[in-house]
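To begin, one chain is listed below as structure tokens, in the form predicted alone.
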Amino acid sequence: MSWKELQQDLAASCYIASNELAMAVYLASEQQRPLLLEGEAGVGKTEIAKQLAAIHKTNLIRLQCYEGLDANTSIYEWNYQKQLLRVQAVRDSSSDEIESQIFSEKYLLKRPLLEAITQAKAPVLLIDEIDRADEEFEAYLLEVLSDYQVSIPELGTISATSKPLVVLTSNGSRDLSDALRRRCFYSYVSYPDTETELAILQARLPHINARLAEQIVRFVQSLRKEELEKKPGVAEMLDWAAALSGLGVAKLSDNPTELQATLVCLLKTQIDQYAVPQMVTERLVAQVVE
């Protein structure tokens, strides 16, 4: 498969990827290197991993990062309840025998990183919002991604059965280490331009009125230029388009009061809803409705 064919497969799955993004995804897959996608929330970084799993007909394994995430939570844990039950059942055995029984794979709970490297068929491993994790975890993750193996004191080193296609996403809430950036191929995913976003909308909602689709995209593009806490992403645009289509709206200027009420699909904080009163909405509508 060439990078152009990959781009076409993504488009067939309703994901419109730029040449740069398609090339980054292709090279990461071909050279078995992690792919780091950076950009604002809602631009489709997570979706690319889902679509890759679908294209390659493989599993998607997701590790959602957060502050305080540690190795145990992301790699493995022991099933303490089952271990305790086993200890109670064989309490007459020697301590060495009990230990050899309870510290086996039968009692191991695989978390995303260990699950990803022990799949028979290479999965897509999505490490979502790596910037939310601590720097210590980032350093540990880098070690795992360098060797594709993990060490479990009771079992020893477990090497990868197959190397997963790793996709890391970051919303830019903190700077990532140079070491992690060097390890990955990189692509910055920005908000799509008008033409691309319209293509996305038409791919996802093929039966929507063409004139309404263009007005929706132009309105959302203008809305993102306002002073907002959380700018609406592509997913919010699609939700709004589906809502308007379902309400039978043919033109954004048809019913200003109803249109204002539908902005709950786009504006996700109280401050942003206050920042876009009906006067602002009507100004934006006037810019996109001929």
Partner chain sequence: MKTTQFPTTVEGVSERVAGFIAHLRYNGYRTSVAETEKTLKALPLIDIEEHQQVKLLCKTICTSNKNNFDDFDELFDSYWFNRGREKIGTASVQEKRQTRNRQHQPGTDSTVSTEAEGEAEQPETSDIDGEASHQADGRLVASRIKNKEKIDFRELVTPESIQQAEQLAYLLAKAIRDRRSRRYRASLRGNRLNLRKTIRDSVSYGGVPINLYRQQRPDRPVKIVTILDVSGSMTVYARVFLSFVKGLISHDTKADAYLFHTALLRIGDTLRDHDTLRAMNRLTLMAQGFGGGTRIGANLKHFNDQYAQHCVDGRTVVIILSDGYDTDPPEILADALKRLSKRNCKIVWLNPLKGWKDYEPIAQGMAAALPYLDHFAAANTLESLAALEPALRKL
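Remember, predicted model here, so these are calculated numbers, not experimental data. Between two forms, the rigid core is defined as the largest C-alpha subset superposing within 1.5 Å. Numbering follows the first chain given and starts at 1.
Only in words, not in the display: the form predicted in complex with its partner chain, which the text now covers.
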| query | finding |
| --- | --- |
| Site test, L84, R182 and S187 vs its partner chain in the predicted bound form, non-hydrogen atom cutoff 4.5 Å | yes |
| In the predicted bound form, the one of L60, A242, L263, L27 near its partner chain [non-hydrogen atom within 4.5 angstroms] | L27 |
| Its partner chain: the contacting residue among E154, D147, D178, E195 in the predicted bound form [heavy atom, 4.5 Å] | D178 |
| Interface membership of G172, its partner chain in the predicted bound form, 4.5 Å heavy atom rule | yes |
| Heavy atom of E143 within 4.5 Å of its partner chain in the predicted bound form | no |
| Contact label in the predicted bound form: R33 to its partner chain, heavy atom within 4.5 Å | yes |
| 4.5 Å heavy atom contact, V280 and its partner chain in the predicted bound form | no |
| Among 159-167, 133-141, 211-219, 118-126, the region lying within 4.5 Å of its partner chain in the predicted bound form by heavy atom distance | 133-141 |
| Sequence-ordered residues of 2-27 touching its partner chain in the predicted bound form, heavy atom within 4.5 Å | W3, N19, E20, M23, A24, Y26, L27 |
| CA of D193, rigid core aligned, shift of 2 Å or more between the shown form and the other one | no |
